[in-house]
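Below you will find one chain, with nothing else, as C-alpha coordinates; this is the form predicted on its own, and questions on how it binds or moves follow later.
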(Lines give C-alpha, C1' and ligand atoms only; values in the text may rest on other atoms or scores of the structure.)
Protein backbone atom coordinates (compact mmCIF):
# COMPACT_ATOMS: atom_id res chain seq x y z
CA UNK A 1 0.00 0.00 0.00
CA UNK A 2 1.39 3.39 -1.02
CA UNK A 3 1.46 6.37 1.32
CA UNK A 4 -1.31 7.98 -0.74
CA UNK A 5 -3.45 4.85 -0.42
CA UNK A 6 -2.86 4.81 3.32
CA UNK A 7 -3.86 8.47 3.70
CA UNK A 8 -6.99 7.94 1.58
CA UNK A 9 -8.02 4.93 3.62
CA UNK A 10 -7.49 6.84 6.87
CA UNK A 11 -9.58 9.74 5.54
CA UNK A 12 -12.37 7.32 4.57
CA UNK A 13 -12.26 5.64 7.96
CA UNK A 14 -12.38 8.94 9.82
CA UNK A 15 -15.26 10.22 7.67
CA UNK A 16 -17.16 6.94 7.99
CA UNK A 17 -16.82 7.05 11.77
CA UNK A 18 -18.29 10.57 11.87
CA UNK A 19 -21.19 9.69 9.57
CA UNK A 20 -22.04 6.41 11.28
CA UNK A 21 -21.97 8.00 14.74
CA UNK A 22 -24.18 10.85 13.52
CA UNK A 23 -26.70 8.79 11.53
CA UNK A 24 -26.31 5.17 12.58
CA UNK A 25 -25.94 2.22 10.23
CA UNK A 26 -29.41 2.51 8.73
CA UNK A 27 -29.31 6.28 8.24
CA UNK A 28 -25.83 6.53 6.73
CA UNK A 29 -25.24 6.31 2.99
CA UNK A 30 -22.01 5.52 1.17
CA UNK A 31 -22.48 8.76 -0.75
CA UNK A 32 -22.55 10.65 2.57
CA UNK A 33 -19.23 9.07 3.54
CA UNK A 34 -17.67 9.75 0.15
CA UNK A 35 -18.76 13.41 0.32
CA UNK A 36 -17.37 13.78 3.85
CA UNK A 37 -14.06 12.25 2.76
CA UNK A 38 -13.90 14.42 -0.37
CA UNK A 39 -13.69 11.48 -2.77
CA UNK A 40 -15.99 9.94 -5.37
CA UNK A 41 -18.21 7.00 -4.51
CA UNK A 42 -16.38 4.62 -6.85
CA UNK A 43 -13.14 5.16 -4.97
CA UNK A 44 -14.91 4.54 -1.69
CA UNK A 45 -16.19 1.19 -2.98
CA UNK A 46 -12.65 0.35 -4.13
CA UNK A 47 -11.47 0.47 -0.52
CA UNK A 48 -14.65 -0.83 1.13
CA UNK A 49 -16.97 -2.77 -1.15
CA UNK A 50 -20.06 -2.54 1.05
CA UNK A 51 -21.46 -0.27 3.74
CA UNK A 52 -21.78 -3.24 6.08
CA UNK A 53 -18.10 -4.10 5.73
CA UNK A 54 -17.09 -0.52 6.44
CA UNK A 55 -19.48 -0.27 9.39
CA UNK A 56 -18.12 -3.45 10.95
CA UNK A 57 -14.59 -2.08 10.74
CA UNK A 58 -15.64 1.23 12.32
CA UNK A 59 -17.67 -0.39 15.09
CA UNK A 60 -14.88 -2.78 16.04
CA UNK A 61 -12.38 0.08 16.07
CA UNK A 62 -14.57 2.15 18.41
CA UNK A 63 -15.18 -0.78 20.74
CA UNK A 64 -11.47 -1.61 20.72
CA UNK A 65 -10.57 1.96 21.64
CA UNK A 66 -12.94 1.87 24.59
CA UNK A 67 -11.64 -1.47 25.89
CA UNK A 68 -8.03 -0.36 25.48
CA UNK A 69 -8.73 2.92 27.27
CA UNK A 70 -9.66 1.11 30.46
CA UNK A 71 -6.94 -1.53 30.49
CA UNK A 72 -5.33 0.14 33.58
CA UNK A 73 -8.34 -1.09 35.57
CA UNK A 74 -6.53 -4.44 35.58
CA UNK A 75 -3.29 -2.90 36.89
CA UNK A 76 -2.38 -4.91 39.98
CA UNK A 77 -0.72 -1.89 41.61
CA UNK A 78 -3.90 0.17 41.85
CA UNK A 79 -6.19 -0.32 44.87
CA UNK A 80 -9.87 -0.98 44.15
CA UNK A 81 -11.02 2.50 45.21
CA UNK A 82 -8.50 4.14 42.89
CA UNK A 83 -9.68 1.93 40.03
CA UNK A 84 -13.24 3.11 40.63
CA UNK A 85 -12.09 6.73 40.56
CA UNK A 86 -10.01 6.05 37.45
CA UNK A 87 -12.99 4.51 35.66
CA UNK A 88 -15.34 7.42 36.29
CA UNK A 89 -12.68 10.01 35.53
CA UNK A 90 -11.53 8.43 32.26
CA UNK A 91 -14.88 7.06 31.08
CA UNK A 92 -16.71 10.36 31.49
CA UNK A 93 -13.80 12.25 29.91
CA UNK A 94 -13.85 9.84 26.95
CA UNK A 95 -17.56 10.39 26.42
CA UNK A 96 -17.20 14.17 26.79
CA UNK A 97 -14.96 13.99 23.73
CA UNK A 98 -17.35 11.55 21.99
CA UNK A 99 -20.83 12.49 23.30
CA UNK A 100 -22.75 10.66 20.56
CA UNK A 101 -21.01 7.34 21.15
CA UNK A 102 -23.17 5.95 23.99
CA UNK A 103 -26.42 6.34 22.05
CA UNK A 104 -24.73 5.11 18.87
CA UNK A 105 -23.41 1.95 20.51
CA UNK A 106 -26.66 1.20 22.34
CA UNK A 107 -28.71 1.68 19.18
CA UNK A 108 -26.45 -0.58 17.15
CA UNK A 109 -26.39 -3.27 19.85
CA UNK A 110 -30.18 -3.34 19.81
CA UNK A 111 -30.16 -3.43 16.02
CA UNK A 112 -27.58 -6.20 15.82
CA UNK A 113 -26.92 -7.90 19.20
CA UNK A 114 -24.80 -10.53 17.48
CA UNK A 115 -22.16 -7.86 16.90
CA UNK A 116 -21.33 -7.52 20.60
CA UNK A 117 -21.20 -11.30 20.97
CA UNK A 118 -18.50 -11.40 18.31
CA UNK A 119 -16.59 -8.61 20.00
CA UNK A 120 -16.48 -10.30 23.39
CA UNK A 121 -16.22 -13.93 22.29
CA UNK A 122 -12.44 -13.88 22.83
CA UNK A 123 -12.70 -12.42 26.32
CA UNK A 124 -12.27 -15.01 29.04
CA UNK A 125 -14.77 -13.79 31.65
CA UNK A 126 -13.71 -16.36 34.23
CA UNK A 127 -10.07 -15.37 33.81
CA UNK A 128 -11.04 -11.72 34.18
CA UNK A 129 -12.79 -12.43 37.48
CA UNK A 130 -9.85 -14.55 38.67
CA UNK A 131 -7.50 -11.64 37.95
CA UNK A 132 -9.67 -9.15 39.84
CA UNK A 133 -10.11 -11.55 42.74
CA UNK A 134 -6.36 -12.16 43.00
CA UNK A 135 -5.64 -8.43 43.02
CA UNK A 136 -8.37 -7.43 45.49
CA UNK A 137 -9.23 -10.51 47.50
CA UNK A 138 -9.45 -8.73 50.86
CA UNK A 139 -11.23 -5.66 49.47
CA UNK A 140 -13.82 -7.78 47.67
CA UNK A 141 -14.44 -9.74 50.85
CA UNK A 142 -14.86 -6.57 52.92
CA UNK A 143 -17.28 -5.07 50.42
CA UNK A 144 -19.14 -8.33 49.82
CA UNK A 145 -18.42 -8.30 46.07
CA UNK A 146 -18.60 -11.86 44.78
CA UNK A 147 -18.50 -13.60 41.42
CA UNK A 148 -22.27 -13.94 41.68
CA UNK A 149 -22.99 -10.25 42.25
CA UNK A 150 -20.15 -8.67 40.24
CA UNK A 151 -22.53 -8.15 37.25
CA UNK A 152 -24.75 -6.02 39.53
CA UNK A 153 -21.75 -3.98 40.65
CA UNK A 154 -20.31 -3.49 37.16
CA UNK A 155 -23.59 -2.50 35.52
CA UNK A 156 -24.38 -0.11 38.37
CA UNK A 157 -21.03 1.64 37.94
CA UNK A 158 -21.32 1.74 34.14
CA UNK A 159 -24.90 3.01 34.27
CA UNK A 160 -23.96 5.90 36.54
CA UNK A 161 -21.41 6.98 33.97
CA UNK A 162 -23.33 6.35 30.74
CA UNK A 163 -26.86 7.50 31.64
CA UNK A 164 -26.15 11.28 31.66
CA UNK A 165 -24.98 11.01 28.04
CA UNK A 166 -27.79 8.78 26.82
CA UNK A 167 -30.38 11.06 28.45
CA UNK A 168 -28.46 14.27 27.81
CA UNK A 169 -31.26 16.22 26.03
CA UNK A 170 -33.63 15.72 28.97
CA UNK A 171 -31.06 16.21 31.73
CA UNK A 172 -29.50 19.28 30.10
CA UNK A 173 -32.92 20.90 29.60
CA UNK A 174 -33.92 20.32 33.23
CA UNK A 175 -30.59 21.64 34.47
CA UNK A 176 -30.86 24.72 32.29
CA UNK A 177 -34.20 25.57 33.90
CA UNK A 178 -32.62 25.06 37.33
CA UNK A 179 -29.68 27.31 36.48
CA UNK A 180 -27.07 24.54 36.27
CA UNK A 181 -24.47 24.13 33.54
CA UNK A 182 -24.39 20.62 32.06
CA UNK A 183 -20.66 20.69 31.30
CA UNK A 184 -19.87 21.64 34.89
CA UNK A 185 -22.19 18.86 36.02
CA UNK A 186 -20.16 16.32 34.03
CA UNK A 187 -16.90 17.54 35.53
CA UNK A 188 -18.32 17.29 39.03
CA UNK A 189 -19.80 13.86 38.29
CA UNK A 190 -16.34 12.34 37.85
CA UNK A 191 -15.78 12.73 41.58
CA UNK A 192 -19.38 12.61 42.79
CA UNK A 193 -20.14 9.25 41.17
CA UNK A 194 -16.89 7.74 42.42
CA UNK A 195 -17.54 9.00 45.96
CA UNK A 196 -21.10 7.66 45.81
CA UNK A 197 -19.98 4.15 44.86
CA UNK A 198 -17.09 4.06 47.33
CA UNK A 199 -19.29 5.33 50.18
CA UNK A 200 -21.88 2.65 49.33
CA UNK A 201 -19.18 0.00 49.51
CA UNK A 202 -17.99 1.31 52.87
CA UNK A 203 -21.54 1.18 54.21
CA UNK A 204 -21.72 -2.41 53.02
CA UNK A 205 -18.46 -3.08 54.83
CA UNK A 206 -19.81 -1.54 58.04
CA UNK A 207 -23.01 -3.58 57.71
CA UNK A 208 -21.00 -6.78 57.35
CA UNK A 209 -19.25 -6.08 60.65
CA UNK A 210 -22.50 -5.69 62.60
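Note that the structure is a prediction, hence the values are computed from the model and not measured. Numbering follows the first chain given and starts at 1.
Missing here is the form predicted together with the DNA; even so, the following discussion is about that form.
Here the chain stands alone, but in the predicted complex its contact with the DNA, taken as any heavy atom within 4.5 Å, falls in 49-57 among 169-177, 49-57, 151-159, 66-74. Using a 4.5 angstroms threshold between heavy atoms, residue 31 counts as touching the DNA in the predicted complex. In the predicted complex, no heavy atom of residue 147 sits within 4.5 Å of the DNA. For residue 45, a non-hydrogen atom is located within 4.5 Å of the DNA in the predicted complex, even though that partner is not displayed. Among residues of the shown chain, residue 35 is not one whose heavy atoms approach the DNA to within 4.5 Å in the predicted complex.
If you take 66-85 and check each residue for a heavy atom within 4.5 Å of the DNA in the predicted complex, you get nothing at all.
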